[in-house]
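The form predicted on its own is given below as one chain in structure tokens.
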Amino acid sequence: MIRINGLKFAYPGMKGYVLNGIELEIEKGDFIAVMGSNGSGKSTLCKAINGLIPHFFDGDYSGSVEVCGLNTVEHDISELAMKVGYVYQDFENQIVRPTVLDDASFSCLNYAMSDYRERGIRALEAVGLANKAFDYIWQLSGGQKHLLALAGALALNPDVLILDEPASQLDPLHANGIYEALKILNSEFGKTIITIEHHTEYIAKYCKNAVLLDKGRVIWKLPAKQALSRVDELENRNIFPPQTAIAAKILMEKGILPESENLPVTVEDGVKFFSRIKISEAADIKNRSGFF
């Protein structure tokens, strides 16, 4: 699906590379999170996947990116947009039409697709906004606008959808709505989902795999739960691990729980993991752990 080999990129005037020899493969149907501290190259990597780099953002570029069999250097953005949809962190800038259906179908209209309205309607149905089709944009909530931006990308029926920090500007209710929509697009429609994300609770609940970037390099690609168990590595890069994993790590260090490589990263995992503490021992944890 996506193959990246030896990818290097530096913006004009920069000293050093933002991406410094990226090697990465993402399989079709994956739901993968890209993690890393500020400046690690997350957004730059995703812009290379959809072809904005090097076609729109100039710079020192080498290596190769292949998406759905297309080399991104050899195909222009209009071709690549049919394969890779992108929802930016500032998603409201992607909304350009006054009504919901007009906006959802706008990309297809620009491609002169005769069924552009039908495509827009199908995209709105997929993200749960069909009942808002004839509303004005200003009538939507922030979460609904985010879903509309997603529908606009989805209307072209790309194989890959990239979302840059989809939970960052939303309250928990609407962030959950975005991820539930992505879950359906992944599981029922077979879309490959890539999210740039630092909210590890969403990675734990929804993602299959996770990639850690640091200084423009891929440190590892792991199954999501295994990735989020690496508490020290994440904290060292200013990524806050799931609280269940932090609690389990502390209890293991204090000898209250036996050592385990796989820490609980969801509440459900935590219930099973912490149930190993005997009731008779639980009353003594407060004094022994210094955690509570």
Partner chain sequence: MKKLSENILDKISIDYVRTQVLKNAYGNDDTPIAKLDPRTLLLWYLFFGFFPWFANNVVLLLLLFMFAAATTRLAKVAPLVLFVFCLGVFSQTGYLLIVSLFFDGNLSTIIPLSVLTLKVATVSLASITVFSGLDPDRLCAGLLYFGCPDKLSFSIAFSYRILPVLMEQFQNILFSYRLRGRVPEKSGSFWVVKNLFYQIKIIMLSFYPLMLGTAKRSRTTVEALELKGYRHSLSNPEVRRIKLSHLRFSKGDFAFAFISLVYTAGSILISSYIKL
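Positions refer to the first chain, counted from 1. Since this is a predicted model, take the numbers as computed values, not measurements.
Separately, the form predicted together with its partner chain exists; it is not shown, and the next lines address it.
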| item | value |
| --- | --- |
| Partner-proximal stretch of 181-189, 215-223, 86-94, 124-132 relative to its partner chain in the model of the complex, 4.5 angstroms, heavy atom | 86-94 |
| Site test, 61, 70 and 157 vs its partner chain in the model of the complex, non-hydrogen atom cutoff 4.5 Å | no |
| Residue contact check: residue 230 to its partner chain in the model of the complex, 4.5 Å heavy atom | no |
| Partner proximity in the model of the complex: residue 118 to its partner chain, non-hydrogen atom cutoff 4.5 Å | no |
| Residue 40: touches its partner chain in the model of the complex, heavy atom cutoff 4.5 angstroms | no |
| Residue 81: touches its partner chain in the model of the complex, heavy atom cutoff 4.5 angstroms | yes |
| Residues within stretch 99-125 having a non-hydrogen atom within 4.5 Å of its partner chain in the model of the complex | 102, 103, 106, 107, 109, 110, 111, 112, 113, 114, 116 |
